[in-house]
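The data below hold one chain only, encoded as structure tokens and taken in the form predicted alone.
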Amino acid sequence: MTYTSFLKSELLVLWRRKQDVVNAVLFFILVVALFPIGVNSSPEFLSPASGGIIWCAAVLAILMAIEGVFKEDYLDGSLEQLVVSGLSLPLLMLLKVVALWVSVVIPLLLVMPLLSEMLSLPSGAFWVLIMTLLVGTPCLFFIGIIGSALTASLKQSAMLVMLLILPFYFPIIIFATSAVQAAQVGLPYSGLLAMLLAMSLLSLVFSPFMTAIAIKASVS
């Protein structure tokens, strides 16, 4: 096995399990659609809240996709094979996050024009929202995969994963929604985007190593 073949196999596995990704995207759309249908459909309410609504829905969809990412690998022994493969386990975990991010976030971005129109998001803030998702969501995956690795050997772990990682998601949501709101009122937002990028790069540095340690603890 090589790193390239591992990445290809991860993408192929995610394609075969595409129902998980489809469920996450449908969940994301339904959560966003609940606000104009069940809360308030006026543009005066939806437009200022649109960034927060989309980001909270994205966080929930990502949690749904990442919670059981190691479950089947743990049950069929694939995780043990990765540990003894002789390849760098942190690098394999990094490739796993890359495959998962591409499979989940790209479909979310594709439906964003429709949802932005539904939430009356101003056109000037649309691309800022896209940029926050591009630079902020990698941090969500890097943090989330640590919690998923820690609970890989547990049977009922969904709630535990959320309790472990949700507090770390709050700063990302705050910076992302603040950037969208700043763009809506014409204020500078580049600093907020820089903070999101910095958090993603920081999580890129430590997450693969912590995930590898958690995987070794789970399979031992």
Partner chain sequence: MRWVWFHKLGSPKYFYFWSKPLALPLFCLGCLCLAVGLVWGLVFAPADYQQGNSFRIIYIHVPVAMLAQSCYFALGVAGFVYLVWQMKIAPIFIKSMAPIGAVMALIALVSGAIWGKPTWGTWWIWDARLTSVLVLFLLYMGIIALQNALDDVVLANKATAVVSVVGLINLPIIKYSVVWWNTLHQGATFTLMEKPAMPAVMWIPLLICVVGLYCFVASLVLWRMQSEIMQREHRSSWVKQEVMYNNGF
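Computed from a predicted model, the values in this text were never measured in an experiment. Residue numbers count along the first chain shown, from 1.
Heads up, the form predicted in complex with its partner chain isn't pictured, but that's what we're talking about next.
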property	result
Full three-residue contact with its partner chain in the predicted complex, heavy atom 4.5 Å, for 153, 160 and 175	yes
Candidate stretches 55 to 63, 27 to 35, 163 to 171, 40 to 48 - the one whose heavy atoms come within 4.5 Å of its partner chain in the predicted complex	163 to 171
Exercise: residue 140 in contact with its partner chain in the predicted complex, heavy atom 4.5 Å	no
Close approach of residue 129 to its partner chain in the predicted complex, 4.5 Å, heavy atom	no
4.5 Å heavy atom contact, residue 202 to its partner chain in the predicted complex	yes
Its partner chain contact in the predicted complex: residue 93, any heavy atom under 4.5 Å	no
Sequence-ordered residues of 179 to 210 touching its partner chain in the predicted complex, heavy atom within 4.5 Å	202, 206, 210
